[in-house]
Each structure stands twice: as C-alpha cells, then as structure tokens.
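Just one chain follows, in the form predicted alone, and it is written as structure tokens.
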Amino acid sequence: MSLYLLRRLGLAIVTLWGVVTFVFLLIHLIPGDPAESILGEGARPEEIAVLRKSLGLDLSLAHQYNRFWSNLARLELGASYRTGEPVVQSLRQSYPATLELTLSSMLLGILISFPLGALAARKVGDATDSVISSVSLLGISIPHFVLGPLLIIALAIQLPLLPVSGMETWAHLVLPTITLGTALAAVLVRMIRSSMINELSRPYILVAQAKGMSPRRVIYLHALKNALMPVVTILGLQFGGLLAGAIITETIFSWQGIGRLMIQSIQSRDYPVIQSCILGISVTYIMINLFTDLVYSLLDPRVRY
C-alpha cells in the first residue's frame, strides 16, 4: 500500500509541475502587457518601462520562470500587480468560498443521484426509468451559463424567493449550488443506473434473492456497494468539473471565490494572481484525485497491483 501511495504521489507532483509550467508559459506568451493595462493607454513609454522593471517583466522568460519556482519553494506567491496586496491574502479570502460552493454542489449531486440512479436500475425499462433517464439527459445538456440565468429569472425575479447574487447569507448559496449540483447529479444518475444494472445481473445477486432477501436489501446492501467502483472514479473527475464550472457560476452569481478572482485577474493581466489561482485549483484537483485513487484501492485491492 505504501509503494502504491508513493507512486501515485510522484505522478501527482509531475502533473502539478506540468500544469503550472503550461499556465506560466501560456499567460506570458499571450499578447498584452500588464504594465500598459495598469497604467492605461495614455501612459508614456518611459513610465511603462519603469513599471515593467519594478514588476520584473523586463527579465527573460527563463529568469522569470526560475524566480517563480524559487519563490514557490519558499511558499511565496508574490503580490498582485493590480492591488499590490499579497496573493496569499487574496487566496485566503476567495479559496474557502469556492470550496464551500464546490462541496455543497457535490453533496447535492450525491443526495439526488444515488436514490434516483438506484430507483432507475430497479425499474429498468418502465416509465419511471424513462422519466429519470430523460431528466438526467436534460440536466447534462444544459450548460451552467444557461441554467444559472434561468434560475435567476425563475426563482429570484419572477418568484422572489432567493437573492440574485452575493454571499452574505446561506440563501445566497442556494442558486449557485443548484446550478452546479444538478449537472453533477445528471451525470451520476446515468452512471449509477448503468453500474447497478450490470451488478444486478451478476450471480451473487441471484443467490441473495434465492435466500429470500428483500429487493431493497439486495440493492442497497450488496449491489450498490459493488456498483460504487466506477462511480467513485467519476466523482473524483467531476470534482474538477465542478471547479471549472465554479469559474462561470461564480461570475454569474457574483460569488467571491477563486474562479471570479481569476477572471478579474485575466482581464487585468495580473500574472501572480492568475498563476496562484491555477496553482490552487490544480493542487485541489490533484489531491482529490489522489484521494480517489486511495479509496478505489480500498474498495478493490487488485488496483494496488
């Protein structure tokens, strides 16, 4: 088990290095000058040159790359070009908000998908299965940037039940959570249904039924446990999808998370903040996938070999 853990941890470190390096090169190669963005179009060339030197943008790309990693090794993320605040302070304010939104969306998706997926597998081929499958397909088809405004129109404007934007109270969390959680639930419902149907056709299910076990006990005690194998993998992958979806959702609902911070930083060419946001999202995604691999190995010891 320890060798398996070390191997997965090594792959996670290599993946993190690749992601951060790619993002660093990408944002530096895209046309645009942060100094011009900060000073405005009317700035004189000598003012831009002075600001570029103070920000270290006059150095070669290789030098900036080496300095970025040396600072990162000391856990220093630098300061924002736009505000001058330490990037760590900005992440400390925005990261918990994104984590709160992501975890609440995942919880909602799990609470919806597991009962509906198991019910669809039990009623395979009849009207209940058709309705659940059709609704889940509709949930997959509607993107976040469409569902979010629709929820605002329906539940915040037409029926003023919930606030449109912000994050002052728990009510502000409802609409963003529904926007992200329903899409996850739609994916999980179809995965759980398919996995459960496959498990219900196996011989050990027939043996359990022959022993006189109730259908509910057979499904939720035996079949569901073995059907979790592919679902655990999908949950780990979908967590990254939630983080990516949070970037759009946070912008729609003015949720002060890391996704909205990154969008604002991209618009102002704030390199340190962009790199740190990507780093935070990447570390979270990689750690969740590492945890998923460990859970997978516990559910099926054959994976370790």
Partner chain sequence: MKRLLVYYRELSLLARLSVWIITFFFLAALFAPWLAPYPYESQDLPHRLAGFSRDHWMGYDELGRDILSRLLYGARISLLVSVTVVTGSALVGTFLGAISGYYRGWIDELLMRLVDVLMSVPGILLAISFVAFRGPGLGNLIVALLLIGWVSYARLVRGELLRVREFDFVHAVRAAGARDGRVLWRHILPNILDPLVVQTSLGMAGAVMAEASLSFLGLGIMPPMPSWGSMLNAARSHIFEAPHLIIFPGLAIMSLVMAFNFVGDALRQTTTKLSISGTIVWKQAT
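Predicted model, so just to flag it, every value in this text is computed and none were measured. Between two forms, the rigid core is the largest collection of C-alphas that superpose within 1.5 Å. Positions refer to the first chain, counted from 1.
Quick note: we don't show the form predicted together with its partner chain, though the next part is all about it.
I'd like to check something about Y220: if you look in the predicted bound form, is any of its heavy atoms closer than or equal to 4.5 Å to a heavy atom of its partner chain?
Y220: no, not in contact with its partner chain in the predicted bound form.
Examine Y204 and determine whether its closest non-hydrogen atom to its partner chain in the predicted bound form is within 4.5 angstroms.
Heavy-atom contact with its partner chain at 4.5 Å: absent for Y204.
Wondering, does L9 line up within 4.5 Å of its partner chain in the predicted bound form on heavy atoms?
No, L9 stays farther than 4.5 Å from its partner chain in the predicted bound form.
Heavy atom of M262 within 4.5 Å of its partner chain in the predicted bound form
Residue-level check for M262: yes, a contact with its partner chain.
Heavy atoms within 4.5 Å of its partner chain in the predicted bound form: which stretch among 174 to 182, 134 to 142, 226 to 234, 112 to 120?
Of the options, only 134 to 142 has residues within 4.5 Å of the partner.
Name the single residue among A210, A127, L75, I157 that comes within 4.5 Å of its partner chain in the predicted bound form, judging by heavy atoms.
By the 4.5 Å criterion, the partner-contacting residue is I157.
Go through L107, V164, V88, L99 and name the one with a heavy atom inside 4.5 Å of its partner chain in the predicted bound form.
For this set of options, the contacting one is V164.
At 4.5 Å by heavy atoms, is each residue in L39, A79 and Q256 next to its partner chain in the predicted bound form?
Spot residues vs its partner chain: no contact at all.
Which residues in 260 to 277 have a heavy atom within 4.5 Å of its partner chain in the predicted bound form?
If the 4.5 Å heavy-atom criterion is applied to its partner chain in the predicted bound form, 260 to 277 yields M262, I263, I266, Q267, Y271, I274, Q275.
With a threshold of 2 Å on the C-alpha, tell me if I38 counts as moved between the shown form and the other one once the core is superposed.
Moves: yes, 2 Å or greater.
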